[in-house]
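Shown below, as structure tokens, is a lone chain in the form predicted alone; questions about how it binds or moves come after it.
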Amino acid sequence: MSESVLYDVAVVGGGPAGLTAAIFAARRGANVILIDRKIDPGQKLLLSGGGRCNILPSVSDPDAYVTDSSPFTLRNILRSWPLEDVRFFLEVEAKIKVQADPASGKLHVIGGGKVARSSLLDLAERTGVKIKRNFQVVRLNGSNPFFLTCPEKRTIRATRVILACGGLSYPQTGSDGSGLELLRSRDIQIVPPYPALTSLIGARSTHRILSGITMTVTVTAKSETDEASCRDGFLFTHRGYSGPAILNTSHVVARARQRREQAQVFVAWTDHTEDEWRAMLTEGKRSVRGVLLREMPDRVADQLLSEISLDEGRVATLEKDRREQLVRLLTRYPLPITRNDGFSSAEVTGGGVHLSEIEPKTMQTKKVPNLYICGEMLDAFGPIGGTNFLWAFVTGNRAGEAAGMKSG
């Protein structure tokens, strides 16, 4: 059964990218339908920041993003709608009030993710967007017009289509990779997706007693192909390791597994260099443990000492080879990981549609006219802290403006 209406623009996916695309397409005068497989679209907004919704970063840094595509293309896309303009749209037009976290400077929504989601949905409806809830597009046929087939053989026709279906992360929100499947027959290059911004699973049972301890550390992840480093919060969990420093480097582990490469993760427990630690562990009357306790939680210090069977001897009597063993553990500790966590808990999806497949100014695919792609479906992701919402808003804006403009 096909709807009699021929829509100017059909947006598939009601997350931040899709809602933004629908709003800007409708503002250009287009007759827009937004289709989402959930009864309540925009669910990822509810999960961000533990419900607080870290909706934007304090600064836009294109170099912080990870992509297998051209960094130059990514940079041009991000700069096409400046951060201050995105914030104006959210605060003034969508009436979403944000405030900066005093410690991190990250921008959170006053009232949390529920407020952000309801505000964007309200704006879309006020702009004239028709929202079709609890509908999943299972096939995308044709091109002029497009035929979007939903369950029970219902079909929606549209002159232009914007895909904003998300990746594979948090599939319970509706993003399960089905959007990428819609492109399989369109000869569009897709970088194999992988879970990004995930926790890491640990292999050493003795670390479980450290569960709940948080520290600020430097994590460095290396594989044959990739390397990433981050100084930020670190958390011992009952399954392994988490916190921003882990999440922001975990993609190296995920990509290594995908390529059947080996990956190693190292931790520097403080910001002291090797030479600084050698100096602190060479002279003085303090015990070795006492020196460590000045820099880290006691349970972590005891764990490190136990791993090299070092007792509470004095610094002055510490043998050189034992000192070097300890310095290595303090500055380049090999984290005993087995794997990264999967898509079910990944905050975002790495990989996706290669950026060479789209026109950067419009998000239109080069091979299929009038087909646009935005948000997490594209091959780019940033660190935690609002960068991925920024990417969603910018690419959604570009796609919506371009698709809607053809209706004017």
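For every residue, the number given is its place in the sequence shown, counted from 1. This structure is a prediction, so every number in the text was calculated from the model and none was measured.
What comes next is about the form predicted together with a small molecule, which is not displayed.
A heavy atom within 4.5 Å of the small molecule in the model of the complex is found for one listed residue only; from 165, 246, 253, 162, this is 165. Out of the listed residues 113, 174, 240, 195, 174 is the one that sits within 4.5 Å of the small molecule in the model of the complex by at least one heavy atom. Heavy atoms of residue 350 never reach within 4.5 Å of the small molecule in the model of the complex, leaving it off the interface.
Contact annotation: residue 36 falls within 4.5 Å of the small molecule in the model of the complex, judged by heavy atom distances. Contact annotation: residue 400 falls outside 4.5 Å of the small molecule in the model of the complex, judged by heavy atom distances.
In the model of the complex, residue 60 stays away from the small molecule, with no heavy atom inside 4.5 Å. Stretch 130 to 138 is the answer when you ask which of 278 to 286, 257 to 265, 130 to 138, 313 to 321 has residues with heavy atoms within 4.5 Å of the small molecule in the model of the complex.
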